[in-house]
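So this first bit is one chain, no partners, the form predicted on its own, shown in structure tokens.
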Amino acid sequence: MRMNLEGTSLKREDIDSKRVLTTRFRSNAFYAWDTGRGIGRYLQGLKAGEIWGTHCDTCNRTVVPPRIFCERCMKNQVSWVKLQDTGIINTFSICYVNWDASRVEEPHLPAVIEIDGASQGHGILHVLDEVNPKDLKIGMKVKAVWKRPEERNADITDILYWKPY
């Protein structure tokens, strides 16, 4: 069965005859969003130079980024725990292209970092620096390099990158 995926072109007569819905307005919309209790507290921790997770006593599991309930047992009374700003590389990539597919000479080094104090397999996606890509290894110990306190904005980029230690 062959499908035609070309679509149908919109014509001026479709608009003029009002066969399609159009509207013209001047937007003066302002947007705001709420991070919620879990991620909001996590982001405020980053602004303070701290990494926070949540711990479920029932499952004996600590996760980061934090959740306001345990998705394993559905318990909604998890406790907040301050974690280390150290961890290990769970996985990484050596990337010679930018987001727009342009080539770069110095590779980007995205990695999943398992945070010390969190349960195995729990961590964050971030970038590595101050390391030769040839020296990268799964399990390598890394430490967060933070922005100066006055430069932090309560977002994940408050951690500039992770480096071996």
Partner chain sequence: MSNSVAIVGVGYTPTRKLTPEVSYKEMIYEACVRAYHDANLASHRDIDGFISCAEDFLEGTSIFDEYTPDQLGGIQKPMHTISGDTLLGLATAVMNIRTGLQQLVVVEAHSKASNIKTLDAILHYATDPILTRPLHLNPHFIAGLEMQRFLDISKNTLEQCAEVVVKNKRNALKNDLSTYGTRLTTREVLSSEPTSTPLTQLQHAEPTDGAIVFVLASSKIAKKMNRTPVWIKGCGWISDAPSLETRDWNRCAYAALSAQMAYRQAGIRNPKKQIDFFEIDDTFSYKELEHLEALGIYETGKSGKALLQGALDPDGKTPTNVSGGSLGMGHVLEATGGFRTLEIVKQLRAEAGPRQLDKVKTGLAFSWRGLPTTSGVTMIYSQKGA
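The term rigid core refers to the most C-alpha atoms you can superpose between the two forms while keeping them within 1.5 Å. Residue numbers count along the first chain shown, from 1. Every value quoted in this text rests on a predicted model; they were computed, and no experiment measured them.
This next part talks about the form predicted together with its partner chain, which is not shown.
Q: In the predicted bound form, is there a heavy atom of its partner chain that lies within 4.5 Å of any heavy atom of residue 23, even though the partner is absent here?
A: So residue 23 counts as contacting its partner chain.
Q: Quick one: does residue 45 come within 4.5 Å of its partner chain in the predicted bound form, counting heavy atoms only?
A: No, residue 45 stays farther than 4.5 Å from its partner chain in the predicted bound form.
Q: Is residue 38 part of the interface with its partner chain in the predicted bound form - any heavy atom within 4.5 Å?
A: So residue 38 counts as contacting its partner chain.
Q: Using heavy atoms and a 4.5 Å limit, would one call residue 68 a contact residue for its partner chain in the predicted bound form?
A: Answer yes; at least one heavy atom of residue 68 falls within 4.5 Å of its partner chain in the predicted bound form.
Q: Which of 34, 106, 135, 100 has a heavy atom within 4.5 Å of its partner chain in the predicted bound form?
A: So the residue touching its partner chain in the predicted bound form, by this definition, is 34.
Q: Considering non-hydrogen atoms and a 4.5 Å limit, which listed residue (76, 79, 91, 84) is close to its partner chain in the predicted bound form?
A: None of the others qualify; the residue that does is 76.
Q: Residue 148: CA shift of at least 2 Å between this form and the one not shown after core fit?
A: Comparing forms between this form and the one not shown, the residue 148 CA shifts below 2 Å.
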